[in-house]
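One chain is shown next in structure tokens, namely the form predicted alone.
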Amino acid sequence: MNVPYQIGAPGFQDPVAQSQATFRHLMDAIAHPALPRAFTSRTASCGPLSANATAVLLTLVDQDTPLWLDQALASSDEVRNFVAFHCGAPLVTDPSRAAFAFFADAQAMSPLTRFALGEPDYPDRSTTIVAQVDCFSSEGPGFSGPGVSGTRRFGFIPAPADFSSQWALNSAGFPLGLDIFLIGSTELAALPRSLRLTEV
């Protein structure tokens, strides 16, 4: 369903059940990295945010999670009002201070080094990125690591032209680094920092 958001309208029709279901989908994607998993939310869309991305926002973000938005989202009054009304998350302009970063277009997801990579004693203090994509592909670079048997080819469209080199740098710092959720119209996928590029 793709219903425009109206200020004061509920984000989730059934907050507990829908947030739990969305969280399970996110954890399933982490458990099966670089593999698109079926996901369709009944949540209304919000400006440039699709219904699926809006559901992820509602599930992950609250008043204790500094949130960074890309230009398309930050310039949307609809999105900013939604965040203020439903999440209460502090919006930050410095990406290195963000617990979560949302991109309306994954192609703008560059460079990853702008964001918090965590600290040696606290690797969990890194930014989790959520980016919208048009579709996924099995013809991308090869990934290996926990949750992958052998090598798995995975790509997404649109993607930054230099994403492979960015990801190689990100995973080289493990256990520091970023985790990424990619959100499509009927699927989502996860790239945890533990994944390594094996083929480009």
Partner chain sequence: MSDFPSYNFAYLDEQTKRMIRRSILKAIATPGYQVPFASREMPMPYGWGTGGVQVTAAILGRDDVLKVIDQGADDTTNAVSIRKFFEKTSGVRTTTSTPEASIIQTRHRIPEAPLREGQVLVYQVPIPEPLRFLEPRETETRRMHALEDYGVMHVKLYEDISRHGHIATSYAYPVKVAGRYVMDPSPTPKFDNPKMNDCPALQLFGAGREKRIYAVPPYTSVISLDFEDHPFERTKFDNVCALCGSTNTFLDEVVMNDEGARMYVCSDTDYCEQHRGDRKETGA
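Please read all numbers here as calculations on a predicted model, not as lab measurements. Positions refer to the first chain, counted from 1.
Just so you know, the form predicted together with the partner chain exists too; it's not on screen, but the next bit is about it.
With the partner removed from view, the residue among 26, 67, 159, 44 that has a non-hydrogen atom within 4.5 Å of the partner chain in the predicted complex turns out to be 26. Interface residue remark: residue 36 is not counted as part of the site for the partner chain in the predicted complex, having no heavy atom within 4.5 Å. In the predicted complex, the partner chain sits within 4.5 Å of a heavy atom belonging to residue 175. Contact annotation for residue 32: at least one heavy atom lies within 4.5 Å of the partner chain in the predicted complex. In the predicted complex, the partner chain sits beyond 4.5 Å of every heavy atom of residue 107. Shown here without the partner chain, the chain has only 100 in 77-100 lying with a heavy atom within 4.5 Å of that partner in the predicted complex.
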